[in-house]
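The chain below stands alone and is given in structure tokens; this is the form predicted alone.
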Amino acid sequence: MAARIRAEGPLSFNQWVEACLYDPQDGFYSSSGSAGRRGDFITSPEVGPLFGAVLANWIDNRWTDLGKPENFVVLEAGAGPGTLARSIFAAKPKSLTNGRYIAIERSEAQRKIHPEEVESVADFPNDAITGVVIANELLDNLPFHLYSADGEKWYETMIAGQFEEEKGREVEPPMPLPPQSGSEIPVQIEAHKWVEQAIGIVNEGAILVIDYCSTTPKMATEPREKWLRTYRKHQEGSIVTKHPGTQDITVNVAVDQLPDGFNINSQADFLTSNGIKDLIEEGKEIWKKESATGGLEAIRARSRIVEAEALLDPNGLGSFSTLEWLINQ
């Protein structure tokens, strides 16, 4: 990227994030970066199969709401190595008996290890669908601009020279905000466009986004480290302008910058409303019956309790937000 800056001049922050994460040769996700216990961070699907089982319930509920169409499609965007898809299929949702599951993933390396049940693609299909679009911890990884204030105006933060930050052009924030000295905000144009595209491709169905969320005014009052983070090998990485391509870059999603029309809940409330407690009780019953044999089914059933604690933790994954857009329902 140093050569690119020398040739083209300073990069906007969204160009920097795009290159750091998705450059075909040197980007974090194009090389070695991934979710999972052997990867760089843990998301809800990597906790265990319980998360996918609850999402399978949600998928079947949306399918039922639509009259159980046979041409039902599940689009999972940002599918990574396919962990969520595997656990959804393991739950055997009725909607996928005759339906399709399309896993969208930019990384060719990640697509190569998707389960055989899914159709792996690099981007949204061209044809509209009847079904659902799911994005778990995707929007936080989309490139974003960074605006900073100096007490008089807002300006775009650029990356120049030896990857140092400098002031760019004067800009207007996405909503009226005082240019208090030291204030910074992410401007998430790509996240807004992604949701618009997802809504546009669904004739009937729903969009489900799961992520850590905030609002633009709130982030403007907080230090950058509260909403902009890096990760590598399950530890916090270095500052965002160091070691490009070697660490994940993630940002809180400003819900006020997304298209209107969504219902918002905590992940804990969403999972509860879609049957996680029933699945826990079912697991307890299986454990009682099968624990003496020590079989794999018994062990998996027993693990649901531990998984649920992590997924519902109000200080952890349970505090994530779920955003649902219902299309023509």
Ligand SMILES: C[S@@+](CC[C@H](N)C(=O)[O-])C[C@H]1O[C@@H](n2cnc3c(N)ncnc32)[C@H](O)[C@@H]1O
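Nothing here was measured: the structure is a model prediction, and the numbers come from that model. Numbers follow the displayed sequence, beginning with 1.
Heads up, the form predicted in complex with the named molecule isn't pictured, but that's what we're talking about next.
Participant: When the named molecule is placed as it is in the model of the complex, are Val253, Phe262 and Gly318 each within 4.5 Å of it, taking any non-hydrogen atom of the residue?
Facilitator: Answer is no for this spot.
Participant: In the model of the complex, does Ile159 come within 4.5 Å of the named molecule, counting heavy atoms only?
Facilitator: Residue-level check for Ile159: no, no contact with the named molecule.
Participant: Please tell me whether any heavy atom belonging to Gly205 falls inside 4.5 Å of a heavy atom of the named molecule, as the geometry stands in the model of the complex.
Facilitator: Residue-level check for Gly205: no, no contact with the named molecule.
Participant: Quick check on Ala191: any heavy atom within 4.5 Å of the named molecule in the model of the complex?
Facilitator: Ala191 lies outside the contact set for the named molecule.
Participant: Although the partner isn't part of this model, could you tell me whether Asn57 comes within 4.5 Å of the named molecule in the model of the complex, counting any heavy atom of the residue?
Facilitator: Flag for Asn57 set to no.
Participant: May I ask you to choose, among Leu138, Ile201, Ala91, Ala220, the residue with a heavy atom within 4.5 Å of the named molecule in the model of the complex?
Facilitator: Looking at Leu138, Ile201, Ala91, Ala220 one by one, just Leu138 meets the 4.5 Å heavy-atom criterion.
Participant: Would you kindly say which of Trp287, Trp63, Tyr29, Phe270 lies with a heavy atom within 4.5 Å of the named molecule in the model of the complex?
Facilitator: Flagged contact: Tyr29.
Participant: Can you check 43-51, 271-279, 66-74, 300-308 and let me know which stretch has heavy atoms within 4.5 Å of the named molecule in the model of the complex?
Facilitator: Heavy atoms within 4.5 Å of the named molecule in the model of the complex occur in 43-51.
Participant: Using the arrangement in the model of the complex, list in sequence order the residues of 93-107 with any heavy atom within 4.5 angstroms of the named molecule.
Facilitator: Those in contact are Ile104, Glu105, Arg106, Ser107.
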